[in-house]
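The chain that follows stands alone, in the form predicted on its own, written as structure tokens.
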């Protein structure tokens, strides 16, 4: 029992920095949030809009997932394309990887649709009722990743195996080399995912930390530092 208590305390300590970084950020949709322009008018919990301690949705790439919004399935025509892309970055080559990445989780909010309701396990603090929102409850503007009907066609490509892109580059992009071993592959300080090192949304973004840089960047982009972590310029 003593070991269990020690583990629980350790887990709480590890979780507290993430909670502290989310609190009063734009990802804090609680009614008392001071950082979000979109927030609930009847739920004053922070984590519940994405996570739940019980009855979470399984099979998702996030722990104890709580959002019931249908996963957005992206087709090759929904992804960024350019004549300058290497073959391993072309939409037809990466669409499966994109759908198996964290992108569908991000799009459960950032698809320009309503945030009202949509929780698998609404909080007991609200009588197990779904959250409601005052005024707008739709993510718009730059945060609307789907951007109307443009989907991800005008956003930085994801889903590519970074080492393949680096190794086959012949278009003058000049990529930095990745380092580490799976599952801790990275380029610079930016994380890559899976056994091969695939670029996801969370390679550049940390949804739990607004502090490094806007919008929720893993590192500051001052002097284009985020860009030059991957691209030699």
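Positions refer to the first chain, counted from 1. The model shown is predicted, which means the values in this text are computed figures rather than measured ones.
What comes next is about the form predicted in complex with a small molecule, which does not appear here.
Give a yes/no on whether residue 72 approaches the small molecule to within 4.5 Å in the predicted complex, heavy atoms considered.
Residue-level check for residue 72: no, no contact with the small molecule.
**Asked** Does residue 43 make contact with the small molecule in the predicted complex, using a 4.5 Å heavy atom cut-off?
**Response** It does not: once the small molecule is placed as it appears in the predicted complex, residue 43 has no heavy atom within 4.5 Å of it.
| Should residue 47 be classed as touching the small molecule in the predicted complex when contacts are defined as heavy atoms within 4.5 Å? | Yes - in the predicted complex, heavy atoms of residue 47 and the small molecule come within 4.5 Å of each other.
Residue-level contact is defined here as any heavy atom of the residue lying within 4.5 Å of the small molecule in the predicted complex; does residue 185 satisfy this criterion?
No, residue 185 is distant from the partner.
- Message: Considering non-hydrogen atoms and a 4.5 Å limit, which listed residue (93, 106, 120, 150) is close to the small molecule in the predicted complex?
- Response: Result of the distance check: 106.
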